[in-house]
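Here's a solo chain for you in C-alpha cells, the form predicted on its own.
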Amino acid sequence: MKPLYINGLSCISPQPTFGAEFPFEAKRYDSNRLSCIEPDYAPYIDPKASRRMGRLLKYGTTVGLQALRDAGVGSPDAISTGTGFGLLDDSGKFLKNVTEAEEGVVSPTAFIQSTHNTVSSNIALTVGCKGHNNTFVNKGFSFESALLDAQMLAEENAAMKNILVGAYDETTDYSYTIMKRLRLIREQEIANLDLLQTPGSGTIAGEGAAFFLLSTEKVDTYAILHGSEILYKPTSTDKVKFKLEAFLSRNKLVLSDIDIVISGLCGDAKRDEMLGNLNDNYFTAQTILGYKHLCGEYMTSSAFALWLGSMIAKTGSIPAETIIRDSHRLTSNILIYNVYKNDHAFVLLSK
C-alpha cells in the first residue's frame, strides 16, 4: 500500500505534549498512575456542552480538532480511531446510576457518552464530517487497526485525501483498582522516570489521546507513514525477526536502514523479556528509545509513540529522557515496536 503523509498531529498525555515546545522536559511522577495534563478546552468545545462531557470525551475531541487545525483542514474525508476500553468513566457512572436506581429510570447522558465511538462521532458532528467513521476496539491492536483502515481507504478510493486517525484511552479509579488486583501494576510506588532502569513485576498505568491527519498529498509534513504490521503472540524472537524483515522488505528496506527504534518496554521484567533480548542482540546498531515511562502503559500507547516519532522526524531532536541507547545516527527511518501483553506491532516512519 502507498505511504501517507502526516500533515497534522496533536497529543494530550501525562507529559507537556499539547501546544508545548519540542523536545519537552519530561514530567516526573512519584506514582504508579499517570493522568493527562488537561488544557483549557474553551477554544475547542462550547463551555455549556463541556460541562456535560467526561474527561476522555473532552480531551479526545480536543486533540482531534487540534490535529485538523494543525494541518489546516476544516473537515476530513474520513475518521478512523482506536481505543482499548473506550469511555470507562462514563460507563462506570451509568452502571452506578442504574444500580442506585434499582434498574429504574436514569439520565441517558452517561449512557450516550459511554459508547466506544463517542469521540470520533463527536469530532464528526463538530466539523460536519459525513464520511467514513470507524472505531476499532482490538485491545493492543486498536490503534494499528485504525492506521491500516486509513491506508486501505486511501488505496481503494482516490477521493480519500485527508483521513483523521487517532487513539484514546483513560484510567479510572475502578480500572486502576482492578489492574492492581491482577498484579499488572507495581506493588511499590516507583517514579516514572526510574521505571525502565528498575525492571520488576508490574508496570505503571497511563492514559492519553493522540490524533494524526494522514494525507495522500505532501505539504508541511511531519513524517511519512509507510505502514504497520501486527503479530499476535509470537513464540520466539526468530518469528519476530522473520515478520519484521518481511515487513521491511515490502517497504524496500533492510534492518540496517532503520536508525531509531522506539521500543514499547513497560518496566515489567517478564513482559519485556523478548523486547529486551531484541534490543540487546538484534537492534544493535540502532538508537533505542523508550516512551511508556512517560505516558504509562495502556492499550493504545503506541499512538503516543507515533506522535513522538513524528516530532523527532520533523525536528531532528530527541528528548533526553527517552534515550535508552544512543547510537548517534542521523534520523531517517524510525521503527516503532510496541508490545501490549501478547499483542506485538510494528509501525514504520521516515523523515
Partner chain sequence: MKTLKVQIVEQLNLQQIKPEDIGDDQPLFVEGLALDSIDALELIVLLQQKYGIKLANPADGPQIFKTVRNIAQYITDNRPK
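Positions refer to the first chain, counted from 1. Note that the coordinates shown come from a computational prediction; the quantities given were computed from them, not determined experimentally.
The same protein also has a form predicted together with its partner chain, omitted here; what follows describes it.
**Q** If contact means any heavy atom within 4.5 Å, which of 25 to 33, 319 to 327, 48 to 56, 292 to 300 contacts its partner chain in the predicted bound form?
**A** Contact-bearing stretch, as computed: 48 to 56.
**Q** Under a 4.5 angstroms heavy atom criterion, identify the one residue in Leu182, Val105, Ala158, Ala246 near its partner chain in the predicted bound form.
**A** The residue from Leu182, Val105, Ala158, Ala246 that makes the contact is Val105.
**Q** Could you work out which of Thr237, Asn133, Thr109, Thr115 is the residue within 4.5 angstroms of its partner chain in the predicted bound form, going by heavy atoms?
**A** Checked against the cut-off, the match is Thr109.
**Q** Within a 4.5 Å heavy atom cut-off, is Leu125 in contact with its partner chain in the predicted bound form?
**A** No, no contact at 4.5 Å.
**Q** Even though the partner isn't displayed, in the predicted bound form is Ala101 close enough to its partner chain, meaning a heavy atom within 4.5 Å?
**A** Close contact exists here: in the predicted bound form, Ala101 approaches its partner chain to within 4.5 Å, heavy atoms only.
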